[in-house]
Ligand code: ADP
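Below, in structure tokens: the form predicted alone, a single chain.
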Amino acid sequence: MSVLVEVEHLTRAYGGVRALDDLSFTVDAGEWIAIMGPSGSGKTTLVNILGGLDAPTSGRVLVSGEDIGKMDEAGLTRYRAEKVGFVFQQYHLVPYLTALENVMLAQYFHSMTDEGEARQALERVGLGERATHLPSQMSGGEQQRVAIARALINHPKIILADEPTGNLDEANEHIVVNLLRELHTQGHTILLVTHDPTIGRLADRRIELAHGRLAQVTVYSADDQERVDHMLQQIWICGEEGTAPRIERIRTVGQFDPRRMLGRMADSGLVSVRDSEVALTPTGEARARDIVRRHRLAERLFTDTFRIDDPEAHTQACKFEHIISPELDERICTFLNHPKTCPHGNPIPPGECCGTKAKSH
């Protein structure tokens, strides 16, 4: 993946208060970043600087290699029109313009208006039939979707969303979140400020701020860890079967793009991806080996000890494999007298307790 945004030692001071304090991180093209943290932690200040609405006191922000802090007003206007799509908590629609005209207004600031393209943008967010309605004739969720259509109309490199669901009820929040997920799947780069941990977990990474500084970066949530383990298992099993682990053969749990997840796994050093083939790194191989061992031991335990039939044994093993500690792994293996295969005849990788040094797969 190519780096789209580089934030380097970014500081923004207002008098004696530092809203941002020596902040550094990068964003890859097509990545979804959730920016989180308590009120006053610098989230909105960061979004404003990324959008060219505010300037850093020191440090810099590079977008596609271009330092936006060095742009003059004309350059910033062009940058905002061509490279950034804004979605705010307040919809900022012009009240006397229709939905279609509000979308076309963004085109006007970019170059020329194109009514057909603006209509397509509204259809894309499910509002084709509301094109002639004024904001006052639409619900909050519909107004936010108009704002998203407006943000997308100039095909921006980055979508900056500051609490886009903050004023919405649960039903409309669900619609807007699903729309953002679709945009992410289509390859859009999204930086989204949110207080909602549920929305934050949908992102590729969560960047958490505290007092203007980087407090924590979370790459994988607990659900993500299970998805990663599931994909590592598939790659391991391909190796057992002598089948090339190609991207199109690998599936993930839920509505997640396997290619994007594999990219994150490659960034974490678990796999390498070349063309359409995937290979485990030594770190990934060790983790895959452990998860396969735990799963197959759990299947053997549920089948032999608790007399649970398939497919229930497999279902329970999928849950159990994520909570077995190394110590419990060895105790179960010893209790079962170090079985060599699972109930389906697949080999159980030996552990230290088996009296055999674990071999590489």
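Small disclaimer: the values here were computed from a predicted structure and weren't measured. Just count from 1 along the sequence shown to find any residue number.
Missing here is the form predicted together with this ligand; even so, the following discussion is about that form.
- Heavy atoms within 4.5 Å of this ligand in the predicted bound form are found in exactly one of 323-331, 40-48, 61-69, 302-310, that being 40-48.
- Contact between Cys353 and this ligand in the predicted bound form is not found at the 4.5 Å heavy atom cutoff.
- In the predicted bound form, none of the heavy atoms of Leu23 sits within 4.5 Å of a heavy atom of this ligand.
- Taking the partner from the other structure, this ligand in the predicted bound form has a heavy atom within 4.5 Å of a heavy atom of Ala19.
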